[in-house]
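What follows is one chain in structure tokens, specifically the form predicted alone.
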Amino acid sequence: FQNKFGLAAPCRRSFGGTAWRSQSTSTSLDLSGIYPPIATPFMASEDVDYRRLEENLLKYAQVPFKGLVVQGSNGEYPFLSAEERVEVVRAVRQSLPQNKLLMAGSGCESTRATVQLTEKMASAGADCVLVVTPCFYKGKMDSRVLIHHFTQVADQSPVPVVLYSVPANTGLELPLEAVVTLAQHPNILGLKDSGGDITRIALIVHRTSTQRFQVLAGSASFLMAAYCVGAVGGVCALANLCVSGRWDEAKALQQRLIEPNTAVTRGLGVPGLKAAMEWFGFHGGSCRSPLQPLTEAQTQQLRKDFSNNGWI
């Protein structure tokens, strides 16, 4: 049969002794490019504000991004029910141009729940899924366990899988050897690495070079460095300068991005991101509890981080 990417694919394939029943192949998607990890807007009642979400999407559509990451860390996915997560992805797919790639976060703590949510995300229109490392029992999440988890998910996913390592949030980094092993799976497309260790990223690129495995920088703070060692994309417009060889301009832009980006990722997190969105014409609004709005002092410092670097 013909899958959604126009490539013929078998219904079942064996990997690591298990049955892979994906309807697409990891090589059918080119991840290279930039993907904003979009926020989830809420009403005062903390219900998802789909009208505001659509307004934000119309503004994103004016920028030549490769696609969007939906229900990633910036989407506050741990605070949404499984049904809400799927519905947000469905709403984004309806508004997003068909030529834009939709990467949907489907990671859960259990393998079973991740498999089930992954299938629902695919049905809602996701082109691929972003699967974060389970971390509640992080002391038990060694390479053997994580390889088994991601293999089971990839075996049963109808769309390609992107691994997601974000140690600042999970307290757990996906081990290098696990990444190298998982890169051999025909339905694992690549890795979003938010750790920022450029040596690690370079090693992953080098050791997976024969697998068509694609690495995305998970933060604008180290995007240029990640491009230098072989990453294919990331999360901000700096990539356009890198790809076209305009390295001096890219370097200047990277330096201007470090302070504000650090403030809205490792520093203030999603409340900081949502505050900054308002300054640039997007709807950020409040977060879902227990996250709280920035204090006045935090807001002033964040604004200073942006203004000192020429952004506002």
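Note that residue numbering begins at 1 and tracks the sequence as displayed. Just so you know, these numbers come straight off a predicted model, no measurement behind them.
Although it is not shown, the form predicted together with a further copy of the same chain is what the next lines describe.
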| query | Which residue, 175, 196, 158, 125, has a heavy atom that falls within 4.5 Å of a further copy of the same chain in the predicted complex? | reply | 196
| Within 4.5 Å of a further copy of the same chain in the predicted complex, heavy atoms considered, which of 115, 101, 203, 232? | 203
| said: Since only the chain is shown here, I'm wondering whether residue 225 would be in contact with a further copy of the same chain in the predicted complex (any heavy atom pair within 4.5 Å). | reply: yes
| Do residue 191 and a further copy of the same chain share at least one heavy atom pair within 4.5 Å in the predicted complex? | no
| So in the predicted complex, does any heavy atom of residue 120 sit within 4.5 Å of a further copy of the same chain? | no
| query | Going by a heavy atom distance of 4.5 Å, is residue 76 a contact of a further copy of the same chain in the predicted complex? | reply | yes
| message | Tell me which stretch of 249-257, 29-37, 276-284, 61-69 has a heavy atom within 4.5 angstroms of a further copy of the same chain in the predicted complex. | response | 249-257
| Any residue of 126-163 that, in the predicted complex, places a heavy atom within 4.5 Å of a further copy of the same chain | 134, 135, 136, 137, 138, 140, 141, 144, 145, 148, 149
